[in-house]
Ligand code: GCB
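The chain below stands alone, shown as structure tokens; this is the form predicted alone.
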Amino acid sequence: MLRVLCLLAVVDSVLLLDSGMLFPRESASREVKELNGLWAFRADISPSRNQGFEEAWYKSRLIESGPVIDMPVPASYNDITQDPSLRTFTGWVWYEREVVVPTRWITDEEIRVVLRVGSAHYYSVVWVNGVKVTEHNGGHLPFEAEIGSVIRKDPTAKCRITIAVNNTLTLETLPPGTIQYMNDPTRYPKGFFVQNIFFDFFNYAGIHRSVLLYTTPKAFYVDDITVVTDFSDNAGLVNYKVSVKGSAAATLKLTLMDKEGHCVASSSGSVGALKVADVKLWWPYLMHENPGYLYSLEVHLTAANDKSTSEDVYLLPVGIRTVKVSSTQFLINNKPFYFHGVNKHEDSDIRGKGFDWPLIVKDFNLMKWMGANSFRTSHYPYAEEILQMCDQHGIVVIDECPGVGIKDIRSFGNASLTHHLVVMDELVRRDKNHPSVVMWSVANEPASEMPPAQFYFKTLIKHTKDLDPTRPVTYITNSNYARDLGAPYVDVVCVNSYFSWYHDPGYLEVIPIQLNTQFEDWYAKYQKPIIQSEYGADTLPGLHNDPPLMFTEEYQQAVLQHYHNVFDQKRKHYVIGELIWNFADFMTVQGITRVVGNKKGVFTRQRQPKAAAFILKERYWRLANETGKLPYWTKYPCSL
């Protein structure tokens, strides 16, 4: 185990990433092959968890070195089998799949073939046909490697992909954790250890998002695109920058098209601006009768050398909108925006954190049914496809990195900060073009009172603002404002508090006083707009009592109503949002405070509503209708 921890302690140098991470899209010049399905799987159960490396399992088919089982990708491996040891396994697991690559991809050496992993938790090493092609530190974000030269060494062989994934958390990972060995032989088996975590959700592991092969031209291709939008009166502006790999003499043509496919602006050159007459702005859901309007930016690259002419085409959805923050308001397109939404988790039965289209569509239907206009990606970046859905439906996103549970002073050291900066680079690089993303969150409830914390967060927030000056930056704090040393550097104060639950449990009458004091103290100290980023109460569905008692549906309703009364007073001044904790129940580690998971959802884990969901539905639609600008049918959501 020590060897594993040493490997995980290695972090990359803090350098701005020099390549793009465009979402793989098919076009006239690009193809995508999805590798989802059943993979061969084995956990390394050796005491050192290092047997797979010692015996080089990647050099031959995985089944040749020992037994394997079927494992679906994408999915967490924890809840798939009936093996209790696998559910809580910590260490290396091994995945393998043999893939038939189209012959043309192999025979045509002008085709660049890329292997992309959408997300694996947390440290990954990847081999193709026994050749190491990449490794990646951190979960929740994609990584990739060009593999054309490897698969062309033996054109007749199948492409064998092996991925080793380690979910061990240390004080220098995101999120952090510790390994604790139990060495008393009278109480524990030999070699017994536990993974300690400092966050309240289950440490699901495995390959959680799609694994893909995709192609681009090899000689010249579009590597990255950055768009920043603005507008004045009826004219829109799309400032763009295109990064091209392979040639400085490439010819670029950019065409911006509306939803009907009509060209509304065009340009050439790698840097420039597209001006759009009679612009259709990207608006949040329920803020406009035509929310989530997206243009399509076609980037057409033509380049030539002595041997050939190469063409590459990439289509990027573009929403034209602005985001600004004042001392009391959050403005989208210069109009005040009030966050009435949810916190979520990528979490469901059996799949764990595995990507699942039916679940995603169901969640969006439920959010729109509630009248939710926003959510926070608590406590890590969500799948790119989810953000694409938000772009299309006008759901506003606070995009959060995996900086949850930074509680130990050793997690504020240089190695941790170095890794945290790289993670923010990866997050901003991936999500910078999504109009739905309006704010970056760099951490959740860190121990900000510790002496190194102020330098840590000052550096981290400045770095994030340098990466993207167009969006505000926040991190999520708790209700004890006096201890929060990082708040001066953020643009919006986001506060979590659980009055009458974790504090003064059962006494509902304290909520109005304590919540009002919280808001007044925070605003007096920092003069910045405030979002109530978490509040709520655990509720077992179907459990009732009058008068309300904790864990009953009546108590959850009462907590919400007491908070809402204060929100209604303060949103007239400087409170700009309210995000319920949580959208749905989710799994946690076993413990005496959790009955098969966290039950603060307003929906069950199976997405059935508790009584609180109807409280929020009535409130959110009322808040949306206060603008008086919604079309007739949206004023009567019961008819949807």
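For every residue, the number given is its place in the sequence shown, counted from 1. All values derive from a computational prediction rather than experimental measurement.
Not pictured, yet referred to below: the form predicted together with this ligand.
- Although this ligand is omitted here, in the model of the complex all of Tyr498, Glu534 and Arg594 have a heavy atom within 4.5 Å of it.
- With the partner omitted here, the stretch from 565-573, 522-530, 498-506, 386-394 that lies within 4.5 Å of this ligand by heavy atoms in the model of the complex is 498-506.
- A heavy atom within 4.5 Å of this ligand in the model of the complex is found for exactly one of Glu172, Asp223, Asp431, Asp200: Asp200.
- This chain is drawn without this ligand; in the model of the complex, the residue among Glu445, Asp79, Asp468, Glu426 with a heavy atom within 4.5 Å of it is Glu445.
- Using a 4.5 Å cutoff between non-hydrogen atoms, Phe586 counts as a contact of this ligand in the model of the complex.
- Proximity of Asn36 to this ligand in the model of the complex: non-hydrogen atoms within 4.5 Å are absent; the residue sits far from the partner.
- Using a 4.5 angstroms limit between non-hydrogen atoms, Trp581 touches this ligand in the model of the complex.
- Proximity of Asn598 to this ligand in the model of the complex: non-hydrogen atoms within 4.5 Å are present.
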